[in-house]
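Here are two versions of the same chain, shown separately as structure tokens and labelled structure 1 and structure 2.
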Structure 1
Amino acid sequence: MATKDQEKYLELEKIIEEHKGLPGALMPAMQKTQELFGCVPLKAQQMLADGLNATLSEVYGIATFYSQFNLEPKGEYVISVCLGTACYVKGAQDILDRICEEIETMPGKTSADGRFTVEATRCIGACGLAPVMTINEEVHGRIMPDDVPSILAKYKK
């Protein structure tokens, strides 16, 4: 019996076959891979490169250039802290540091339990609410580092 990962890699082989020989096939095949795995892991990058006549560096270059692609799976909750100018001067770095402390991870990484991914972002267009963070689509504005534990508490349940 195949494991869930093995089943995904078998599905990836089908995706590669569907795109083989098509002009511009790499980007749509990578998008399907992202949907399948929730990221574009190294083994999948290698399979895409081998199957679509590309180099691993080409695949990796696309995966790291476009923000739609991730090299690691994201958590159930994606926490984005705005580090644009308005937020930064109002203490966003301290908020980011407190979040990382509370969920025991670093920016750009996912917590050990897989529930939270922390991202440092540029301006999200809510400067009037600075400093701002979002958790998935929910906006939290005018926050202080001491607000972080209570905000995260409702997502930890």
Structure 2
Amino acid sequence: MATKDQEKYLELEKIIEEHKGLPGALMPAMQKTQELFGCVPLKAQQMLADGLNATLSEVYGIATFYSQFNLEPKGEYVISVCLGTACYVKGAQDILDRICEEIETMPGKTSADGRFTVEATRCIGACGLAPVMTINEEVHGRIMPDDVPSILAKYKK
């Protein structure tokens, strides 16, 4: 375990090195960090701040301002329900409510067993399939609340 973590921090050092001196480097470096860890942990924030000539509060400020960054890792499966306008008028809120009910969590939160994170997103450009949700990379379109249990069953195994 620890070695895997250490490897990631070595990788992060490389990322920081690559971004040194570039204009506006902090955001792209943080995006790479997010990709690497699945979140931007505090220790990584400190390293980014030290390496890229910023303060920890600046890095933390950015991490909390943009919704793409998260401070803690997400679940194994990230369920994103589109709450864009086209999906909303076609009943996406009902889908979101139903999912939260099924896996007993709240939007933006991860289920108790750490497997599912539920999020609301904005238009993913598949309005033709509204209402739409994605589970990791997979897109599910034209769903009704009653389809939710059977879709989730596939991932619950």
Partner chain sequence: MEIYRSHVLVCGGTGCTSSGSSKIIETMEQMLVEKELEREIKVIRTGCFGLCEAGPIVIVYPEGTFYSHVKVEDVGEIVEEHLLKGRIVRRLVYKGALTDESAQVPLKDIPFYQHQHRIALRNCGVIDPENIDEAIATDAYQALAKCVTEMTPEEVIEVISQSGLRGRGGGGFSTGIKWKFAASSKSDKKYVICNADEGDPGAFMDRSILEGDPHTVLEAMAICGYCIGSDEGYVYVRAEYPIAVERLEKAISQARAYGLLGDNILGTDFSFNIHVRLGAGAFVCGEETALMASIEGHRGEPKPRPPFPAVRGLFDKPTNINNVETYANIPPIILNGVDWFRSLGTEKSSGTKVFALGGKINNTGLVEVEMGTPLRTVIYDIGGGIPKGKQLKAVQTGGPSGGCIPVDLLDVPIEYDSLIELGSMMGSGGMIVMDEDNCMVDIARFFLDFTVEESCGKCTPCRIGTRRMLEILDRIVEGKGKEDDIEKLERLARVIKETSLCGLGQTAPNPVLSTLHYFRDEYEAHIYDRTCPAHHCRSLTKLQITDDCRGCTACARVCPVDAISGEVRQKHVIDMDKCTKCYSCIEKCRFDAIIKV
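Heads up, when I say rigid core I mean the largest set of C-alphas that superpose within 1.5 Å between the two forms. Counting starts at 1 and follows the sequence of structure 1. Everything quoted here is computed from the prediction, not taken from an experiment.
Asks: Please match the form predicted on its own to structure 1 or structure 2.
Replies: The chain shown as structure 1 is the form predicted on its own.
Asks: Core aligned, does the CA of residue 28 move at least 2 Å between structures 1 and 2?
Replies: It does, since the residue 28 C-alpha is displaced 2 Å or more between structures 1 and 2 after the core fit.
Asks: Once the core is aligned, please say if the CA of residue 54 is shifted by at least 2 angstroms between structures 1 and 2.
Replies: After core superposition, the displacement of the residue 54 C-alpha between structures 1 and 2 reaches the 2 Å mark, so yes.
Asks: Name the rotation angle of the smaller rigid part against the larger part between structures 1 and 2, given in degrees.
Replies: About the hinge, the smaller body moves through 32 degrees.
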